[in-house]
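One chain comes next, on its own, written as structure tokens: the form predicted on its own.
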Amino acid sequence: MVLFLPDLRFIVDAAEGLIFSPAILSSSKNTSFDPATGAASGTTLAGADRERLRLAIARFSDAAASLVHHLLPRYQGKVSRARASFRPAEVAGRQTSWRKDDTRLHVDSFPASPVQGRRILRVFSNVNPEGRPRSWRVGGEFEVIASRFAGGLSLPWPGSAAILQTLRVTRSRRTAYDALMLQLHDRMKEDADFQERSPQEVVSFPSGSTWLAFTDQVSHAAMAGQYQFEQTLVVPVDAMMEEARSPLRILERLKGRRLA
């Protein structure tokens, strides 16, 4: 499910207008802000311009966290704020590998930052100054998708999580759940029949709108659009009203064992 707030606009101040250019990117996809350190990265901007960008993403990060705090009071005191980002590049036509191609239906899983069974809740705002929408494809039920691919998802080798953390491939311990979700992400993206024939619908998010989704569960693909803010929040499974419907519990049922 995607929660769509069509009239909730995030305002970019006139002094922040310099952010509306892909030239500010030092990477191919987005600039980011770390609420834990207050630092911005992924940009070519320097000095006062870099500070304006940092403050713009920080403002959005605060606004998104406040939105979740008031809209979803059940999660108050339980949500952890991860990175926020600003995405000035056009999605359509971007050249990348199939694994990094976000125009393919997928669920989110973070290779370097394992969530260890916790949920990935993301807040998005389209701030396109030309009024262009953000276009997504949204896929079917997670349990149906997970069941389709479950037979091809293998449990990690014993001790592999410790090795990955020691080598700093991951920032924390990668659980069996994280390993399976990374594989599910890849199996979905590489399966052409799934991409073309699985249940899905096109959804358009107008400029000036905001939306939220548990992107570890909602299969999605960003097809077109430019200039979007995004905030990631991590939610414990035991904060859910229906914990049994979480990806962790679904995969545990399919694999017949604890995964985190």
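All residue numbers refer to positions in the sequence shown, first residue = 1. Keep in mind the model is a prediction, meaning the values are calculated, not measured.
FYI, the form predicted in complex with succinic acid (SIN) isn't displayed, but the following is about it.
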{"property": "Residue (of 122, 137, 118, 83) lying close to succinic acid (SIN) in the model of the complex, criterion heavy atoms within 4.5 Å", "result": "122"}
{"property": "Answer range among 190-198, 44-52, 216-224, 64-72 for contact with succinic acid (SIN), defined in the model of the complex as heavy atoms within 4.5 Å", "result": "216-224"}
{"property": "Triple contact flag 87, 102 and 108 to succinic acid (SIN) in the model of the complex, non-hydrogen atom at 4.5 angstroms", "result": "yes"}
{"property": "Contact flag, residue 228 vs succinic acid (SIN) in the model of the complex, heavy atom cut 4.5 Å", "result": "yes"}
